[in-house]
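Here you get one chain, nothing else, as structure tokens; it is the form predicted alone.
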Amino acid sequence: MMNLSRSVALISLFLLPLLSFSFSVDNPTDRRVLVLLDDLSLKSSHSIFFSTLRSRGFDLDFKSADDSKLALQRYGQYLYDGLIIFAPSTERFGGSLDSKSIADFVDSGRDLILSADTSASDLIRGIALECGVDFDEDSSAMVIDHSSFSVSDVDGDHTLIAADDLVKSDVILGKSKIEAPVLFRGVAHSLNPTNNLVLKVLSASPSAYSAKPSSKLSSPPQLTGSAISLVSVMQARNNARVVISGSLQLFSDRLFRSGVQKAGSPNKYEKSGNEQFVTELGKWVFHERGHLKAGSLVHHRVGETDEPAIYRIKDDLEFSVEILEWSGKSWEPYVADDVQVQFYMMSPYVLKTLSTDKKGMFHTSFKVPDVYGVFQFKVEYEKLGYTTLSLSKQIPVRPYRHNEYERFIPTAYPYYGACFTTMAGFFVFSFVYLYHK
């Protein structure tokens, strides 16, 4: 028994350093990704998608979704930094994995790609619901569009959608425009209106609706038009990122290589926009793009370099902060004109937009307000597609000391004059009263 305990201790001693080489602020893309499949043949049918991840340095660990040894963490440390779930029909995960452990995984700041289809189980729907996405209640319903379907849809049920309503964000989908429509065949989902963290990146057209393809409509469909989201993303408050797709085929080699022509459009493309769309979206979800890092907040009085322990009211000060953006390989200066700093005590007394030197340094100067107390320098930066920055530093502000006031205050001159005028008037009155007959 003693030998077994020593062996476990030695194994954990060697294993913990290896687990620490995971996602870090200094190297956001040094990551291991667990890929859960309900059918291991997906490794070959979706090989292009997996190959692009490997080519960018990701270590993929493929496992069956019902593997009895499944675990996301060991000895209190997470084994993976990203999770891909391509197992829509799985009713129950193997090992210690369940919907709660996946929610905890995201809550720890790690990333998730979840894909569903018409066979989506309650387990997969529950995970999506936790992220603010609600799949159509009818498990047999699919997205149907009689106006924006692909002409190559041989089934004739118009469930192979040629979607081109993409989110307008260079951070999420890259600077290169996706020219060809994205082919989609799967289930519709809607966004929770109370969740402002989730966003549609691929939307259905106004003519789309969700219904069972093989049956006639007996009542109006619940999900219609642009309210239908085909692919959505969420960035949590801890900057964990989630991609939720209603189509597993979206990631398949077949749709990657398929030509596409949207119904009613003369434009024909030899290759769909799926590969470019999925690749760029993968770069975003795994923090290869849109990941910001900020240095410490620096402040001092004008003309000085050292940071004081306390400011005096009406002091002139200078403030600066360095912000860098991860380019996929290295940290580059972040350039923007909408970064602001607050000088805050219960509410912002000063709100200034920071200037930038185009080298990652943002700076400004302002006068300390004529209010004393405990203030904070606060930088809270939220921009579509970028990680959120929330920085603060506390600093007290004191009033003037008794010997720091001006000897004569200009605004008090009228009172000085009134005082001396009263004295002179009293003297004249006394003289007249005493000596005038």
Partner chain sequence: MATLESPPLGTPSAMRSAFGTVLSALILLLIGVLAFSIRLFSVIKYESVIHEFDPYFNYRVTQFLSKNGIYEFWNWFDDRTWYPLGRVIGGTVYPGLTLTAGTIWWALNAINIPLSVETVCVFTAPVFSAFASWATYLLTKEVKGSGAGLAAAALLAMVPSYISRSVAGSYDNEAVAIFALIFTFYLYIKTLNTGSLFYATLNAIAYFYMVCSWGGYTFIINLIPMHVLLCIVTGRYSPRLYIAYAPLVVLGTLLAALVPVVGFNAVLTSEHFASFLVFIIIHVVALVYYIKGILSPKMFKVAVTLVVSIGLVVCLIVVAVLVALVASSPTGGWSGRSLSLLDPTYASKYIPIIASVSEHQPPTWPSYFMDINVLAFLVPAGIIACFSPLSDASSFVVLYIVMSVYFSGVMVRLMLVLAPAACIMSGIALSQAFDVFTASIKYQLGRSANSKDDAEDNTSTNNAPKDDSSSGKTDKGEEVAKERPSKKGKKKEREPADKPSVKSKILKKRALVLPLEASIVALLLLIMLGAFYVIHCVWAAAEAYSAPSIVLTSQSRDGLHVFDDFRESYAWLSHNTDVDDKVASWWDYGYQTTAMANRTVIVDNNTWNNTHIATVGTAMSSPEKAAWEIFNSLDVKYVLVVFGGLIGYPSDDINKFLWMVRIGGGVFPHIKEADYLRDGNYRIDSEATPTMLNCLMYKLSYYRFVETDGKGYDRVRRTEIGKKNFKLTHFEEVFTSHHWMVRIYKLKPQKNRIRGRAKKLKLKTSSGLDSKPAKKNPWI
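Computed from a predicted model, the values in this text were never measured in an experiment. Positions refer to the first chain, counted from 1. Only the largest set of C-alpha atoms that superpose within 1.5 Å between the two forms is called the rigid core.
Although not depicted, the form predicted in complex with its partner chain is the subject of the following passage.
Peer 1: Would you mind picking out the stretch of 408 to 416, 66 to 74, 31 to 39, 366 to 374 that comes within 4.5 angstroms of its partner chain in the predicted bound form, counting non-hydrogen atoms?
Peer 2: After filtering at 4.5 Å, what remains is 366 to 374.
Peer 1: Name the single residue among 361, 345, 199, 166 that comes within 4.5 Å of its partner chain in the predicted bound form, judging by heavy atoms.
Peer 2: Only one option qualifies, and that one is 345.
Peer 1: Find the only residue in 179, 316, 304, 122 having a heavy atom within 4.5 Å of its partner chain in the predicted bound form.
Peer 2: Checking each option against its partner chain in the predicted bound form, the one that comes within 4.5 Å is 122.
Peer 1: How about residue 107: is it within 4.5 Å of its partner chain in the predicted bound form, going by heavy atoms?
Peer 2: Flag for residue 107 set to yes.
Peer 1: Decide whether residue 57 counts as a contact residue for its partner chain in the predicted bound form under a heavy atom distance cut-off of 4.5 Å.
Peer 2: Contact with its partner chain, no.
Peer 1: Is residue 134 near its partner chain? Define near as a heavy atom within 4.5 Å, in the predicted bound form.
Peer 2: Heavy-atom contact with its partner chain at 4.5 Å: present for residue 134.
Peer 1: Using the partner position in the predicted bound form, report whether residue 383 sits within 4.5 Å of its partner chain, counting heavy atoms only.
Peer 2: The answer is no: residue 383 has no heavy atom within 4.5 Å of its partner chain.
Peer 1: Since the partner is left out here, which residues of 223 to 255 would have a heavy atom within 4.5 Å of its partner chain in the predicted bound form?
Peer 2: Heavy-atom contacts within 4.5 Å come from 234, 236, 237, 238.
Peer 1: So with the core overlaid, does the Cα of residue 193 end up 2 Å or more away between the shown form and the other one?
Peer 2: Yes, residue 193 moves 2 Å or more.
Peer 1: With the core lined up, does the C-alpha of residue 40 move 2 Å or more between the shown form and the other one?
Peer 2: Not so; residue 40 is displaced by less than 2 Å.
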